[in-house]
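What follows is a single chain, given as structure tokens, in the form predicted on its own.
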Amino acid sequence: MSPLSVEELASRIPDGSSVALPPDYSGCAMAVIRALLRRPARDLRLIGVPQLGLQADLLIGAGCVAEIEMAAISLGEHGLAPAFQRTWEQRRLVVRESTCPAIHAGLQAAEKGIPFIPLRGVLGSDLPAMRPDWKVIDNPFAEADPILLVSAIRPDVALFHAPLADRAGNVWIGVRRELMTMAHAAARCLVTVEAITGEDLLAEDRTAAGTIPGLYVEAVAEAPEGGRPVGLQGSYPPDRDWIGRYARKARSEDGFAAMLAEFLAA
């Protein structure tokens, strides 16, 4: 597999795509987010696996997003996602509320090639009434035992950043198993990495267990420090000062515009 540039990778995400994104602590392809903002992308439908953070807030504030599905959206210790909050209050965004188990279950249904998957823990909450694509049925193997059927989530694109890939397109993700599920469930998987190695990541036991086979990866771009400012576990920490400043300034339209310009100039 020949690696692409970050811009070429971003060009494979058409306007209107549904895009699965990991949380800030998992592996965010911030270099691709920057390219999507510069384009700018439009009418994206973001799926948090299971939640969304800074990358989604930047896209939402810049007008790139039409819809989100997630268990939560925040900047973690820095508080609420300000662009999302403002856009949601102005009713300029469709929000499909979910939970962590429901998102993971929907992706697992897609990776198994089935249209839905049963789930129990959400029953008793208000969520099933808010999701017409979920159904409550009687357990066919027991009496008086309702069960929730969660529809499969098959994103057009899974997008994330990882530490390492090899020349065959195998991508090492370590312990971040949600990235494996995303790659299996999505129609296409696009990945940026810190580096590309000449070794075969599937040939050694020490790396094979944490490696997504290239069979599931459409394209890879090498992007050193491509996870900044949210960081990449095991490689470099998040830039907490920048994120904290964003959380404060992006509460206003002008402040968001200033922080967006700073992010794009990086």
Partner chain sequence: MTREETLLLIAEVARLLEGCRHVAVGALSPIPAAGALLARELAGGTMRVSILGSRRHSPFTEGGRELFDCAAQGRIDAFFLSGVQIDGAGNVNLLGLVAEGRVTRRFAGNFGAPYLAYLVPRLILFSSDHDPRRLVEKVDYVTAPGSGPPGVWRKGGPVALLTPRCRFAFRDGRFLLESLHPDQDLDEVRAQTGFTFDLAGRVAVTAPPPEEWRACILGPVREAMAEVYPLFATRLAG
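Every value quoted in this text rests on a predicted model; they were computed, and no experiment measured them. Positions refer to the first chain, counted from 1.
FYI, the form predicted together with its partner chain isn't displayed, but the following is about it.
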- Message: If we define contact as a non-hydrogen atom of the residue within 4.5 angstroms of the partner, is G113 a contact of its partner chain in the predicted bound form?
- Response: no
- Consider E97 of the chain shown here, and say whether it contacts its partner chain in the predicted bound form, taking contact as heavy atoms within 4.5 Å. yes
- Query: Does H78 reach its partner chain in the predicted bound form, with heavy atoms at most 4.5 Å apart?
  - Reply: yes
- Query: Does its partner chain come within 4.5 Å of any heavy atom of R42 in the predicted bound form?
  - Reply: no
- Assert contact_stretch over 66 to 74, 34 to 42, 193 to 201, 222 to 230 against its partner chain in the predicted bound form, heavy atom within 4.5 Å, equals 66 to 74
- Task: Decide if the three candidate residues N170, R245 and L260 all line its partner chain in the predicted bound form, where lining means a heavy atom within 4.5 Å.
- Result: no
- Query: Considering only 92 to 124, what residues come within 4.5 Å of its partner chain in the predicted bound form, judged by heavy atoms?
  - Reply: V95, E97, S98, T99, C100, P101, H104, Q108, L119, R120, G121, V122, L123, G124
